[in-house]
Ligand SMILES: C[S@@+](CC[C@H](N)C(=O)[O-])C[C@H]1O[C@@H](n2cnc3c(N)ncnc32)[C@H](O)[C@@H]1O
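Below, in structure tokens: the form predicted alone, a single chain.
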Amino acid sequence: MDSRSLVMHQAMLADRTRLRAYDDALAKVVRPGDVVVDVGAGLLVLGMMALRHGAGHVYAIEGDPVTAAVAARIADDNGLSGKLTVIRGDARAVDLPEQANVIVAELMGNIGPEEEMPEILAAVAKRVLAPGGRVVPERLTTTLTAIEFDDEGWGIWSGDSLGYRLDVVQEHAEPTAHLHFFQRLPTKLSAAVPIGDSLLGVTPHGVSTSPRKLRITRPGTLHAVMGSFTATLAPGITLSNFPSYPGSNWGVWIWPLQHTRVDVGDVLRAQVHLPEGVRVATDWRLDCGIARRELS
């Protein structure tokens, strides 16, 4: 396993909030004797949680051959050979000897669906999920929000930054997504507007490219549009990357704009454009335009 993969797994295992949410969801969803499929199983943490909550057998599917080999060693070291089967391959093409009662996966990217989780889970469910089966997460919602930064990130390039004018940098704003980890929460100038609400892939790519209207509900300086997600793992159990929580490894995507004063009643029209290869979120582009409120 290369150092990059090792650090990634290390960071995910240190994210206690994420692990606790999945553990709570599996405790609610898994029934005694259930067959569980862990998609993108990694180092088997979710599969082992499912066993702890009464699963009869777990099929852990992992595409990376090195990670799959390490996972098989972990299963052996924990005496799980008869209860957990590691399968190397593409989960969308794997044939299992029996149907599954539960499918679980943690394939959320920083805006939710850019790792193709809706499409992958829909394909796996079609092949292996028994009637009445359950999927964790059961829903993935992606939203856009108009924001004003608190003297950080793209908000630095104002007309008075550290006592100097740096706003010429705004001319270099590009309508492509930038990953951001907030030091301080921004001011939300609009409500969060869904652009994707996917359940087993009902929305292509998990994101709609239809225009959305972000109605300004608070006056301020519009700095950017933020893309974030909320995953409903099971009824009453959610994970979101905004606002972030201590130990979270998720950032949000922001689309920088030239700083613009906005007032209550203004409407920001936003439309996402996806390139070929939905995984490349840095190439997602956003077209924006502002309609000013009509003054009587």
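The structure presented is a predicted model; accordingly, all values stated were derived computationally and were not measured. From 1 onward, residues are counted along the sequence shown.
Keep in mind that the form predicted in complex with this ligand is not shown, yet the notes after this line are about it.
This ligand in the predicted complex comes within 4.5 Å of no heavy atom belonging to residue 83. Although the partner is absent here, residue 12 lies within 4.5 Å of this ligand in the predicted complex, judged by heavy atoms. Taking non-hydrogen atoms only, residue 34 never approaches this ligand to within 4.5 angstroms in the predicted complex. With a 4.5 Å cutoff on heavy atoms, residue 100 does not count as touching this ligand in the predicted complex; it lies far away. Taking a 4.5 Å heavy atom cutoff to this ligand in the predicted complex, the contact residue among 150, 90, 76, 174 is 90. A heavy atom within 4.5 Å of this ligand in the predicted complex is found for one listed residue only; from 199, 120, 96, 193, this is 120. Only one of 226-234, 239-247, 37-45, 24-32 lies within 4.5 Å of this ligand in the predicted complex by heavy atoms, and it is 37-45.
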